[in-house]
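Next up: a single chain in structure tokens, the form predicted on its own.
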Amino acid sequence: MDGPKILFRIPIYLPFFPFENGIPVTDTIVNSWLIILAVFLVCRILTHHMQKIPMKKTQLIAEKMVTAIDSLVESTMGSRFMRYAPYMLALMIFSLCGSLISLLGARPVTADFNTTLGWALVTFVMIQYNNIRAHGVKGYLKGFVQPIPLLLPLNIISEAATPVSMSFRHFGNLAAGVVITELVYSGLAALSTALLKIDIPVFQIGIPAVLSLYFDLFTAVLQAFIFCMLTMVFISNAASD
């Protein structure tokens, strides 16, 4: 599988920039901004002229989404972590749309490791923040030498492995789906040429749609849910240990 393609470059040439030909802008960045714009427009439509007593279907849909994520955060993290509900909803929507954009023929942004690593690093910062807030700096540092000081290197590695494992889990599943789908398309094209002696990939019609139901739809929903659940569990555990 090829990596993200560079669509254009921003002509910025400064001594401290490592890019000789300007800052590259990949399809991942472009698709991410398209998703942000689309989600923004949908939110504006759903929340347009909101009423205290909802009468419009758009407002009912918006309130249903907020109620669902509030319930999920409260049941998973507890009521004192409700401030994280907006972030969890944004993370889940971005993850879903970032994966499902492949249904429109675009490269999923979650198939780029930089995307999932960025989300995981945000989670990592939140984990450390809540740990320090709950136990203080002294208690936070003391946790690295428990139960015995000999485990200090292992505890540091374990803590640093959290964003790596989270990002690779999400990225790996989506990237594998992209690779398998591309192999199937190539194989069906070759089969069409070998059996029918024509250059038209007839066997590509319809057959890959079955794979898309799994890799593009089921996997996207599952990985978005798992990533958000891990984020909530890690943050809440850091504040309660």
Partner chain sequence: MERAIILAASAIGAGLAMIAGIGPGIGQGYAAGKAAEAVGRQPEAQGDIMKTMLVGCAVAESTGIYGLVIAIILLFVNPLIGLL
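Positions refer to the first chain, counted from 1. These numbers come from a predicted model, not from an experiment.
In what follows, reference is made to the form predicted in complex with the partner chain, a form of this protein that is not presented.
- Using a 4.5 Å cutoff between non-hydrogen atoms, Ile29 does not count as a contact of the partner chain in the predicted bound form.
- Though the partner is left out of this view, Met88 does not reach within 4.5 Å of the partner chain in the predicted bound form, counting heavy atoms only.
- Remark: His135 does not count among the residues lining the partner chain in the predicted bound form, judged by a heavy atom distance of 4.5 Å or less.
- Although the partner is absent here, Gly187 is not a contact residue: none of its heavy atoms lies within 4.5 angstroms of the partner chain in the predicted bound form.
- Screening Ile101, Leu117, Met92, Leu72 for any heavy atom within 4.5 Å of the partner chain in the predicted bound form leaves a single hit, Leu72.
- The contact with the partner chain in the predicted bound form, taken as any heavy atom within 4.5 Å, belongs to Phe168 out of Tyr129, Phe81, Phe168, Phe144.
- With the partner chain left out of view, the stretch that reaches within 4.5 Å of it through heavy atoms in the predicted bound form is, among 187-195, 168-176, 46-54, 33-41, 168-176.
- Residues Phe225, Ile226, Met229, Leu230 are the members of 224-240 with a non-hydrogen atom no more than 4.5 angstroms from the partner chain in the predicted bound form.
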